[in-house]
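Given as structure tokens, the chain that follows is alone and in the form predicted alone.
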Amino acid sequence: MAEPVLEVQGLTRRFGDFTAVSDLSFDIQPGEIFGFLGPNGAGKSTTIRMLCGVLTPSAGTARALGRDLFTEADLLRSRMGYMSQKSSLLTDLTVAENLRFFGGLYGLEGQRLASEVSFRLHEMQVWDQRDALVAELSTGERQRVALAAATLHRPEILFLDEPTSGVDPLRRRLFWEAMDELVAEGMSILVTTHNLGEADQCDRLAFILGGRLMAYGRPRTLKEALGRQVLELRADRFRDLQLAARRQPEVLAAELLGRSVRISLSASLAPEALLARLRAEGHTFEALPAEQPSLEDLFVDLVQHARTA
């Protein structure tokens, strides 16, 4: 495995008696989209602000691109990019004026600045909005312009903090397509999110809850580690079926999904006996083939274990 572009060890941040982030350790590999997943208030933004130099850590170390992220930040700043949850774009300037402004802050000028602005406008699919005021753009358009601004200097590591918050599904998809293009250019990306659908598109994930790392690895590996299988039962009397399923000893969870009941079982169990028992009780349903649990199943399981602990 190649040397990580970012390696974090024991990262901690306290605010008085409150510990927002506690002893986080993880790494990001070259060309990777690394997802930092957790609910609001879990410590994701605090972590990314420490890595970007906005907050000073209370403890821990971090190395980026072979240098100490905290003591050699000045040498790394031009090689990193950051896009916050709240856009820093200037709303009274046009899209193109914003990009020229931010490009100047990165030290770009002349033909190189003009070339990078043009390239990013096309790549982020906002060329047609280049002369529009930022104040006139939709949330999704603003986010893509902000991503263009954060990548004008072609950073090697890009930090994205909840970049698609409040964005509709279509524009969220366009944003992730743009991220794939950035990775193809050679960037490595750390993206914080609480959207489980987005998280499944990441190469690896870190689940954070209450400032602590709860799970870490590839999405498929994390889901397999749950040791569960999921059955979807479609029924007209789905609420009655849900209650009946919850009474069965081998059922770990039974949740409604539309007009279906989604049942979780141990991966080692054959589901036929359970289905026969439910039918014997008078329930009629269509059972879809067993499937792997989702990231939502993993997330709920982690939250429940944390609350129990």
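Quick note: we count residues from 1 along the sequence shown, nothing fancier. If you're wondering where the values come from, they're calculated on a predicted model, not measured in any experiment.
There is also a form predicted in complex with a small molecule; it is not shown, and the following applies to it.
Participant: Let me know the one among Gly66, Gly258, Gly282, Gly41 whose heavy atoms come within 4.5 Å of the small molecule in the predicted bound form, would you?
Facilitator: Only one listed residue qualifies here, and that residue is Gly41.
Participant: Please determine whether each residue of Ser188, Tyr216 and Leu222 possesses a non-hydrogen atom within 4.5 angstroms of the small molecule in the predicted bound form.
Facilitator: Looking in the predicted bound form, the three residues Ser188, Tyr216 and Leu222 all stay beyond 4.5 Å of the small molecule (heavy atoms).
Participant: How about Ser84: is it within 4.5 Å of the small molecule in the predicted bound form, going by heavy atoms?
Facilitator: No.
Participant: With a cut-off of 4.5 Å between heavy atoms, is His194 one of the residues that contacts the small molecule in the predicted bound form?
Facilitator: Yes, His194 is a contact residue.
Participant: Is there a heavy atom of Glu162 no more than 4.5 Å from a heavy atom of the small molecule in the predicted bound form?
Facilitator: Glu162: contacts the small molecule in the predicted bound form.
Participant: Give a yes/no on whether Ser264 approaches the small molecule to within 4.5 Å in the predicted bound form, heavy atoms considered.
Facilitator: Taking the distances in the predicted bound form, the answer for Ser264 is no, it never comes within 4.5 Å of the small molecule.
Participant: Work out which of the listed stretches, 56-64, 32-40, 267-275, 238-246, brings a heavy atom within 4.5 angstroms of the small molecule in the predicted bound form.
Facilitator: Of the options, only 32-40 has residues within 4.5 Å of the partner.
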